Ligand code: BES
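Just one chain follows, in the form predicted on its own, and it is written as structure tokens.
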């Protein structure tokens, strides 16, 4: 889809659909008033007649308007002016995008970005437009035998901005938003695939194909034999019970200066998680195909950076494996040795994400990163703590944590900082090894992060637990694409 930004105040080409926002109990203004004048006051009569209330997300399509500036008009409710906010703006954008894609327009003029939104500048107002259309256009890759729906006709969106001085920022926002939407689609596609398709080998081949399409990307794939030579006994303990071979996927994006220290993104890629010998309950186990969404998010974020040719060096490290029961599977009480040399008593084989991440974090040291962020659907405890609204962030560096929280707020892909502390480390004590892989029920998301903290000594590190935000359950089941917007915003803001 093509996007372009333009200002009002000039005679413009007729549009196939003009998208106009209306607040509750509000009159038309600005560009909407000009369009209404050209339509003989029809829009104003509709509002005065009570046919459109302006409730947030409400839409009304007016087709076949004849001659004039717009063949169609889509009215979109913006809700109350008192509660108008970033969140409401994004909701109105998504509603308008969904409605536009259902009509026959091939091109549209969206005027919502000309609205003033508290604490949202022209760059983000435009960026959210491109992200909303990317989200609305996304279709889950299905293996259904029925005919796939025809793609929407809409191919171009013109975005109105309030001032000529906003054009440069708005154009940059549209470019960034389109790239973020593309990266989010990569993440969603990978996570939505069934586990018998998206295996560790599939993830590795996908990363290799992605690198071939971008000049600044390179990949390296490590098999189990190489991981064994490196001493990754913790990671390999998770994959003992499966026939699917594990892979360590390394994707380097070199957009910054040669020799400049990279940011390392480390992703959990458990392509299916039964819990191993500590077998999960059957209900909802199909959703454990989403346990590789941290890995998919790393690949999606790097895809966005490559599309933008962002001036930064990033290395993505994905630990990909399955966690299955079997005759050779790791058992509760087994002790394994990590790449760092730290020994771990595996008290629960369903706490496997930290076992693969600790070796991937140790491996990241060879790139001498200036900071490391790991991304994982790590704990159900995080879902209990924060629900589906915020990812959790834990960090050994205040400035890094604050930067991630700020990026989440700007991108509307929010995260909430949770504590780390030596007092939580006490829960990971083991009588038989250097530490245990679980710390009990209390503070489970925090003790999981504390486990990883043991492996990043001397590194600037943050952990994102996305267990509640990475995918939706129930009738809307599917990956969300989070936290790609957060990660890309953070990386673009900290080159």
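Positions refer to the first chain, counted from 1. As the structure is a prediction and not an experimental result, all values here were calculated from the model.
One more form of this protein, predicted together with this ligand, exists but is not displayed; see below.
Would residue 381 count as a contact of this ligand in the predicted bound form, using a 4.5 angstroms cut-off between non-hydrogen atoms?
Yes, residue 381 is a contact residue.
Check residue 288 for me: does it contact this ligand in the predicted bound form (non-hydrogen atoms, 4.5 angstroms)?
Yes, contact at 4.5 Å.
With the partner left out of view, is residue 377 within 4.5 angstroms of this ligand in the predicted bound form by any non-hydrogen atom?
Because a heavy atom of residue 377 falls inside 4.5 Å of this ligand in the predicted bound form, the answer is yes.
If you check in the predicted bound form, is residue 189 within 4.5 Å of this ligand, heavy atoms only?
Outside the cut-off, so no.
To test your reading of this chain, name the stretch in 344-352, 192-200, 360-368, 326-334 whose heavy atoms come within 4.5 Å of this ligand in the predicted bound form.
Selected range: 344-352.
Answer yes or no: in the predicted bound form, does this ligand come within 4.5 Å of a heavy atom in every one of 273, 438 and 467?
Yes, all three are in contact.
Select from the listed residues 303, 127, 268, 247 the one whose heavy atoms reach within 4.5 Å of this ligand in the predicted bound form.
None of the others qualify; the residue that does is 268.
Looking at 102, 172, 254, 280, which has any heavy atom no more than 4.5 Å from this ligand in the predicted bound form?
If I apply the 4.5 Å criterion carefully, the residue I get is 280.
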